[in-house]
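Here you get one chain, nothing else, as structure tokens; it is the form predicted alone.
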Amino acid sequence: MSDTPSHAPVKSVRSSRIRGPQDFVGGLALVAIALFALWASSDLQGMRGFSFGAGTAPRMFAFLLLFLGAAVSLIGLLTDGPGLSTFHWRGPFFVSVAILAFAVAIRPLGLVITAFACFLIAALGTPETRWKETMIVGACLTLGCSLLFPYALGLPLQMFPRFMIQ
């Protein structure tokens, strides 16, 4: 008899841990957004023959996002990557507040005041904001919006508040 035991040691099975958690979770988030977009566009008319319906482009982009999100998740499973980092809510919060403020204020306050105010609200999203430069850029973007939307694109937007026009 030999000195070796009759049973060979069992090789450890590779652990099923996620090697790139940040990529994996980010990919899952993209998949979730794509599934929501597919659900939200399910009532829209799709493609008929060669004519595009209202739901064709949203579904095409949703399927593309679904594919890319699954690929990013797969990369997170198979390759080493960074761990989950902390998520900072300040930026997305203030950008969302600026979008909602624009939706609420555009009719009563007009394009000029609303665009400038919403730019300043969005600038609160980072503590690194330099207010002098932010005011200058905000004024330039407001001027650009004031020329682009009503004049270049011909959209019937009210420029100033109603009380200033009357």
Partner chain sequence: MADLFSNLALGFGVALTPINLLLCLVGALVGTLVGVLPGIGTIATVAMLLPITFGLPPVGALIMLAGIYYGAQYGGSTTSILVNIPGEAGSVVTALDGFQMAKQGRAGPALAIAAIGSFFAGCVATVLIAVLGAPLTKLALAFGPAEYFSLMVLGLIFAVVLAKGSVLKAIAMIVFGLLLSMVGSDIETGASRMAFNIPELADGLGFATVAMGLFGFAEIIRNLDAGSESDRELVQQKVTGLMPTAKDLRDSAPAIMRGTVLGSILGILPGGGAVIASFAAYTLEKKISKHPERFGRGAIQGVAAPESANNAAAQTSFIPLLTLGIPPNAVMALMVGAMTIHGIVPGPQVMQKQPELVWGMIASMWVGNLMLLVINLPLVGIWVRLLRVPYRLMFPCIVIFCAIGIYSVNNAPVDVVLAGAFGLVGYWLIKHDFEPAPLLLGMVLGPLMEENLRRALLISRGDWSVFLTRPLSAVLMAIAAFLLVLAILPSLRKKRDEVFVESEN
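Residue numbers count along the first chain shown, from 1. Small disclaimer: the values here were computed from a predicted structure and weren't measured.
Note that the form predicted together with its partner chain isn't included here; everything after this is about it.
Visitor: Residue-level contact is defined here as any heavy atom of the residue lying within 4.5 Å of its partner chain in the predicted bound form; does T86 satisfy this criterion?
Guide: Answer yes; at least one heavy atom of T86 falls within 4.5 Å of its partner chain in the predicted bound form.
Visitor: Can any non-hydrogen atom of A62 be found within 4.5 angstroms of its partner chain in the predicted bound form?
Guide: Yes - in the predicted bound form, heavy atoms of A62 and its partner chain come within 4.5 Å of each other.
Visitor: Does at least one non-hydrogen atom of V25 fall within 4.5 angstroms of its partner chain in the predicted bound form?
Guide: Residue-level check for V25: yes, a contact with its partner chain.
Visitor: Whether A122 contacts its partner chain in the predicted bound form should be assessed with a 4.5 Å heavy atom distance threshold; does it?
Guide: Although its partner chain is absent here, A122 would touch it in the predicted bound form, with heavy atoms inside 4.5 Å.
Visitor: Heavy atom within 4.5 Å of its partner chain in the predicted bound form: which residues of 106-131 meet that condition, in order?
Guide: Heavy-atom contacts to its partner chain in the predicted bound form: I106, R107, L111, A115, C118, F119, A122, A123, G125, T126, E128, T129, R130.
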